[in-house]
Structure formats: structure tokens, C-alpha cells
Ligand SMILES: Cc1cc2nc3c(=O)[nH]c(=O)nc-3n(C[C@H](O)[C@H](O)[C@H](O)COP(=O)(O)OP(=O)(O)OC[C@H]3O[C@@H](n4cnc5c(N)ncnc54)[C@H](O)[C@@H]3O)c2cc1C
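In C-alpha cells, the next block holds one chain alone, the form predicted alone.
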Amino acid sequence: MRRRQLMRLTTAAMLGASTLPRRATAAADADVIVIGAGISGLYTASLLKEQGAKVRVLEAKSHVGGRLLSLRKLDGAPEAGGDSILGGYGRVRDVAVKLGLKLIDYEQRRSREKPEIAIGGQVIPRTAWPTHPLNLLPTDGKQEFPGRRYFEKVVDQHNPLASASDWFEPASKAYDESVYAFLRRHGWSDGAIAQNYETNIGRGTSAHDCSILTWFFRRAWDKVQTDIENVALKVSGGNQSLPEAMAAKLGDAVLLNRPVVGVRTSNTGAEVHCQDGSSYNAKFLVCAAPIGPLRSIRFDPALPPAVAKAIRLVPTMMITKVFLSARKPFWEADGLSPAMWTDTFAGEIGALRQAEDNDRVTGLIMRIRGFTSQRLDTLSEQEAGALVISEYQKLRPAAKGLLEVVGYKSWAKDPYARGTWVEWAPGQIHEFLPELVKPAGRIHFAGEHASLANRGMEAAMEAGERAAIEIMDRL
């Protein structure tokens, strides 16, 4: 099996030595074992199977999908995980089409809402915002709506990358500083940084622990997506339908409820031990689990020091999503948009429009990120949901008694996710990313954290494709 054959078929740790149980040498159960049945692991396995390799996928949870999770009991199956398939998601869209899945464009629905500004316990009319005493934005930005979109405008004005691929070039190391340092150099006060960047933070937990280079890459990459096609697609029935269809095609090669606790490799193969006592042998192993859960797997021998250090230190984004239903449209009574940008535990509130009628609000989604999400994680889901509703109702008395939590997901509390996407801290990109995209003996790495050119679902598939090609060259 050749590298060029596979290319034609694709589009466009705990770190010390472990004490794994010994077992007698046995023939390999498979050519390749894949840890993780998110779309990265499933795509890797699918490509390998197409080339005739025998694969086995071990998934810790009772369902496939990884960080794709559709709330199908709710109107329109809103997404608790990855929610948009963008214009440049060539691999994702190609697989969806081949599997007969319908894609729906929600871009126009996403952009029709104008959120209210709520800071310091009060709702501030947009007309009053530019001169309001609570507006801490820089003088030339006073008229801007606070939050990520204004920050992204500033990034665009000063982005040194000619293309998204430039972020990984050696010269880009010069731009790998904190968001805080970048904004201070461009005249932002600490108050402006705290209000506009760290309130409802888009990446990281503070302006200090996130690299501005990740934003330069993201904005250059965003432009590519919209240049190809300005869409925000979703799989009909929920994005989780995509990994489910991929897993169905793989059949009994996918095993659920198999948390991996240990890996032993040799010159001839890999031996994988699961929490339930089962063990599996293969010639090669693909680690497609998120980077956080890899910290709980014992590797024998230990992974290369740089890889081990990356698994231990690279952070992931903390996000909690809370979904609310409203017994009646209270926003018609108070005349305000149901969507809000707040500095409370309710976070950033969006109006869901998941029905066929584009105008009908089907519910609310609260996106709580960073340290605010971490603070919510100290509470039970019931307590956290009640707090979120309470914070929202203080700003919107018309909503009192009308709201109910109908969905809740903290990705940081999920033991098999431990966050969402990787959040590169200053200095980590060039130190760790090169190590995560190359094999460590018989072990290959996939997942969005091992992607060079993409984000989100497309990054997951890109990394899976690379891992599959590497292994096909070795089988």
C-alpha cells in the first residue's frame, strides 16, 4: 500500500514508565488500533480500512462523536459541541456527502440577532454605549460593540501573516507573544483588556496565557473559509450524525466503553490496556483522543520528552454551554433582544433559531468560557443552571419564572475531553506542535491539537489523514 494510493482517496500521558500487566506475546488483533472515536479517529480508521488495513477503534464513552454532541431532545438539535462546518471544510463536507448526510446553512440565522450590552448590572442601550462611563474601550473604539468582533478587527489591522500557513514558519516566532503584550503595545489599558478581551473570553483564560499568534493564524484562516464560501453549515439532525454514520460504516471495528489506561510499545507493535481489563495488540497505534485525557494513559516506554511535556502542559479551552427554554417570548414584553453580552455568570447569550421558520426563537444558549466556566464547575449542574438563570433574570425581569434549563454541558468536567480545542500559550506553538505531528516509534498522533493548517472539525480530519498516510507508508 502506497502513500499516493491514499492521497487519491482523500480530499484536498502520563509520562513516566508504567507498570502495565505483562501478557504472552500474541498475534496482532489489528494492523492499527485507534484510541478515540471522535471524527479524527474515525476518519483515520476509515482511510486505513479503505486501503485494506485491519483497524480497531477504542472509545472511552458509551457513544461516538468526541467533542461533537447534538442535543436531539431539543428543537432543531442544537450543538453542545462543535457547531459549524465552514466553507473550507473540504474533508468534512466531502465525507458528509459520501455518507448521504444533508447539510443546512445557518449563517443568515446566526447574524440576524443584535445582542444587548449588559455591564455592571445594567442593560446599556447601544446608542448610549459610545459615551457611557462604563465603556472602557480605547478612544478610537468607543463606538464598537464590546467583545470578540472588535478585538478581531484590531487583530486584522495588525496581522503580519500573509496567509494562514505562515503561522508555522520560523519567522513567526517573533510574533509569539501574549495577547496582553500585543494589546498594551497598541495602546489598550488594563481596564480595556479586562472588559473587551477577558469578559466572555474567546481564547484562553486571560490575555496573559494566550498567544496572539494563534489569533493571527485564526483570522487569516477565517478569511480563507469565507473566501471559499461564506456558510455556517450543520448536519441535518445534528452534527453528531456525522461520526455516527462514520462509525456505522466501520461496523464492529468500533468498541465503546473502552477507556485506555496503558500502552506498551516495542519494535514490532503496540499493546493497549483498557480500564475493563481487556487488552489489544496491533502493529501501530494512533492516539486520536484529546490532549487532556492522554495525561491519564501510562506509556511504556515513556513518550519522547518533548511530546510528554506537551501533553502535560498545553492547555485546552474551558467552555460550559447552558441551554434554556422560555415558556413565552418575554423579549416581546420588554422590547429587548433575547441575546445579550454580559459580564455575569450567564456569559454570552445567543438566541437559537433551529426551526424551519428562520424567525422563530427556539431557545437560548449561554456560552460561559475561561475562568467563569471554571467557577461554575465548582457547582453541581443544577446549582450552576439556577445561577445562570438568576443572573439573566436580574437583567431581564420580564423573563422571571419563564426559563428552564433543558441542556447543560461543561467540557472541562468531561473526563474524556477536559476542555475543547487546544489553547497555545505564548512560546508553545513552535516548541510543541512539531513534536505532536510526528510519530513516536509505533505511535502516531491525530486530533485537532496535531493539525498544522486548520481548526475545528477540519483540523481533526487533517490530522487523521496525516496519521493514516504515515502508517500506510509503514505497513
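Because the structure is a prediction, the values reported are computed rather than measured. Numbering starts at 1 and runs along the sequence shown.
One more form of this protein, predicted in complex with the ligand, exists but is not displayed; see below.
Stretch-level contact check against the ligand in the model of the complex with heavy atoms at 4.5 Å: of 45-53, 409-417, 436-444, 423-431, the positive one is 409-417.
The putative spot formed by 38, 61 and 290 is fully lined by the ligand in the model of the complex; each residue has a non-hydrogen atom within 4.5 angstroms of it. Remark: residue 259 counts among the residues lining the ligand in the model of the complex, judged by a heavy atom distance of 4.5 Å or less.
Contact annotation for residue 321: at least one heavy atom lies within 4.5 Å of the ligand in the model of the complex.
In the model of the complex, no heavy atom of residue 370 sits within 4.5 Å of the ligand. In the model of the complex, no heavy atom of residue 141 sits within 4.5 Å of the ligand. Though the ligand is absent from this view, in the model of the complex it lies within 4.5 Å of a heavy atom of just one residue from 146, 78, 81, 385, which is 81. Out of the listed residues 299, 197, 284, 89, 89 is the one that sits within 4.5 Å of the ligand in the model of the complex by at least one heavy atom.
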